[in-house]
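Presented as structure tokens, the chain that follows is alone, the form predicted on its own.
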Amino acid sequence: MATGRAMAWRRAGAMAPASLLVLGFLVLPMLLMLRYSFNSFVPGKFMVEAVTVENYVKLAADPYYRHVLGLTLTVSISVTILTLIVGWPVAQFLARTQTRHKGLLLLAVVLPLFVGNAVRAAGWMVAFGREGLVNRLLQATGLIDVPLQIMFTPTAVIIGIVSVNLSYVVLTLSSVIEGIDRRAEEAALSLGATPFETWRLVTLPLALPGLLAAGVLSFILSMNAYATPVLLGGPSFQMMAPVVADQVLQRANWPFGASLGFVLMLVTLGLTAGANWLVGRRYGR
């Protein structure tokens, strides 16, 4: 009993520094933002101390902000699904390849992370323009006669965010797949399972925690994307993060901006926790 308590105290001591960092840099600012969200905004007075729910009532009653939240959720879910679909084959190839150039392949996956989101979005703007690379290639191959309007569309925003999140998803999945014992897959194949059945019945269940972690990471990054929606979506395409920034930086309406930010955080955490719970139940069974 004493040994167990000593081990528990050692674990608590090891976790204490990280817990204090999370408390100081995440929990306390979130609590401060929550308090700001109950204040009132008076033009010319910046922020008036109060305890009111008018900011949340405005958010719930205004169809514009409901549309912004719905659009953010739609884009984030679409990006998460696409990154998992595209990232899995790449991650499995990286995890299973025996080539001596594996380090270079990993470097190719990591290299995009050295480029800022704004710079990357600017590159997509050049590619997606009416005279950009994509339209020129499509016209050269005879697939289109008139340039397509790709810029300032949901498609451009989704592609841009996918390009940002893909490296994180591939790195997360490849590390998980590498930890799966290949003998389990070989045993399934030797018992007559097809490659697809082996993937569905052996590889996928074993990689499910990593798949969930990669999906959650992609979803959180998408929900909080700022530079990509602003540059590729244009002024008419509004997601939550740019709207929060506009309320705080341009309109100086900190109380309403804080309420928008807090709702964004709650929705993100709620959906993430729900996905963890559902997958955890299935994985536990």
Partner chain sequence: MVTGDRLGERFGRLAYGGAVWAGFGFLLLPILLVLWLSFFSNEILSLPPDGYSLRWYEGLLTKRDFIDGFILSLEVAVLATLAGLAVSVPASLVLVRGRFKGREAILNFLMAPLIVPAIVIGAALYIFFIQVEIATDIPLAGSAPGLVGAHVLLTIPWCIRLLTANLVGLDPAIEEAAASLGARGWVILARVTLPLIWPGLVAAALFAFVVSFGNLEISLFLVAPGETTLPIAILQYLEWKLDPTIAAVSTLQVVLIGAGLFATDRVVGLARVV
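In this text the structure is predicted, and so the values were computed from the model without any measurement. Numbering follows the first chain given and starts at 1. Throughout, rigid core stands for the largest set of C-alpha atoms superposing within 1.5 Å between the two forms.
If you look for the form predicted together with the partner chain, you will not find it shown, but the lines that follow are about it.
Contact here is defined as any heavy atom lying within 4.5 Å of the partner chain in the model of the complex, and by that definition each of L21, L28 and L32 is a contact residue.
Among heavy atoms of L249, some come within 4.5 Å of the partner chain in the model of the complex. Interface membership of P17, defined by any non-hydrogen atom within 4.5 Å of the partner chain in the model of the complex, is confirmed. Using a 4.5 Å cutoff between non-hydrogen atoms, L231 counts as a contact of the partner chain in the model of the complex. Contact between P89 and the partner chain in the model of the complex is found at the 4.5 Å heavy atom cutoff.
Only one of 71 to 79, 202 to 210, 180 to 188, 129 to 137 lies within 4.5 Å of the partner chain in the model of the complex by heavy atoms, and it is 129 to 137. Of all the residues from 212 to 238, those having a non-hydrogen atom no more than 4.5 Å from the partner chain in the model of the complex are N224, Y226, A227, V230, L231. G70: CA moves less than 2 Å between this form and the one not shown after rigid-core fitting. Once both forms are fitted on their core, the CA shift for I220 between this form and the one not shown remains under 2 Å. Taking 2 Å as the criterion, M30 counts as shifted between this form and the one not shown: its C-alpha moves by at least this amount when the rigid core is aligned.
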